[in-house]
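Only one chain comes next, encoded as structure tokens, the form predicted on its own.
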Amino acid sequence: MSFVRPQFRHPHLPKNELGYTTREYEGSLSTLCAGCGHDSIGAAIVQACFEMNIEPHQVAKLSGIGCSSKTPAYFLGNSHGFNTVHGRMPSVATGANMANRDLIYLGVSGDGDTASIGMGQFVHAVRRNLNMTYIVMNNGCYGLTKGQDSATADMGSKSKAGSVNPFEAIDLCGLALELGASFVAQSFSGDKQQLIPLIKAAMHHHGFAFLNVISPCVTFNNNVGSTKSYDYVRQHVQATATMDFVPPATEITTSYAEGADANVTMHDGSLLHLHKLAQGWDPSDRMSAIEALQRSRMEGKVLTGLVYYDDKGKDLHDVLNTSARPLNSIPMTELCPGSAKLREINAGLQ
């Protein structure tokens, strides 16, 4: 169940270049637990879309099943939306993307929806380099079914009930890197300063942009001993860099010390500024990114920030050489040219 937000807003809310306030990017009132990290991610999506001057109706938001997959109801209420069955969001996103390449596709999933029942769907969306932003709200547990460990729960992490997880965790960022994802990032729901620029960069990326966000479950996985709790992540976070996202129309006036920053140029000319780079890490080197992730895991740290970026890959439309026009804009005369043309095509295949 969702609840409608009050219509009243402060009359002097700031407006973006489209004349919209953040109200136009909000959704229904959240019914998630108070303090849930998922709500912070939703708020970051609202702020990112507001600052990027995105028309809400240009966004298609898709999700599966779980606490995380409820969140699209709480942001971008004026956008397109499809809540699929458990673990099947990537295939629905693929079909929609193939039919209409002009929309901005935002997939929202959870660690169960992606790393368990939806694993097969996830890996194929990655390897096909589907042009979409895929956000996993990762809390390491199944919040809708009383907090059992999910496939991303770290070995040795302790649940609220006191049991210790004996299994290795699935590293979704590492998996995305192995499968050839062209944009891989990791963040923390409690760090909006980092999260908002990452969401902006992911939505500007041409290809599959994967963002794994550690999002503590305040009801079932925020206890002492949990490696997905607020306290643990804040104490063990290791950021690759602090960052700013700069749209292509914005003049860049800030300067930084030599050797202390890197600029990642997006496909549309916008920039992602990275500052204070982690030692030995290069966001354009896949092996460097994999090594940085593995080193952090061995040290019990949570690596956050832009992990890997590649601007030279082809998305699924490029690979399949699909029509540049959305299918709903192609008239029937072109889709079905008539029996004479079909006989000509068939004759050419004999």
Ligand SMILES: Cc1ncc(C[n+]2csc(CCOP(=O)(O)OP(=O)(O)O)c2C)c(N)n1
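Numbers for residues come from their place in the sequence shown, where the first is 1. As the structure is a prediction and not an experimental result, all values here were calculated from the model.
What follows is about the form predicted in complex with the named molecule, which we do not show.
message = Can you work out which of F208, F75, F188, Y142 has a heavy atom no more than 4.5 Å from the named molecule in the predicted complex?
response = Contact with the named molecule in the predicted complex is made by Y142 alone.
message = Residue-level contact is defined here as any heavy atom of the residue lying within 4.5 Å of the named molecule in the predicted complex; does G112 satisfy this criterion?
response = Output for G112 is yes: heavy atoms within 4.5 Å of the named molecule.
request  = Would you check, heavy atoms only and a 4.5 Å threshold, whether H86 touches the named molecule in the predicted complex?
outcome  = Judged by the heavy-atom cut-off of 4.5 Å, H86 is in contact with the named molecule in the predicted complex.
query = Any of the heavy atoms of I104 lying within 4.5 Å of the named molecule in the predicted complex?
reply = The answer is no: I104 has no heavy atom within 4.5 Å of the named molecule.
ask   = If you check in the predicted complex, is P283 within 4.5 Å of the named molecule, heavy atoms only?
value = No - in the predicted complex, heavy atoms of P283 and the named molecule never come within 4.5 Å of each other.
query = Can all three of H38, S68 and I117 be found with a heavy atom no more than 4.5 Å from the named molecule in the predicted complex?
reply = Every listed residue reaches the named molecule in the predicted complex, so yes.
inquiry  = Among the candidate stretches 142 to 150, 176 to 184, 190 to 198, 126 to 134, which one is within 4.5 Å of the named molecule in the predicted complex when only heavy atoms are counted?
reply    = In the other structure, the partner sits against 142 to 150.
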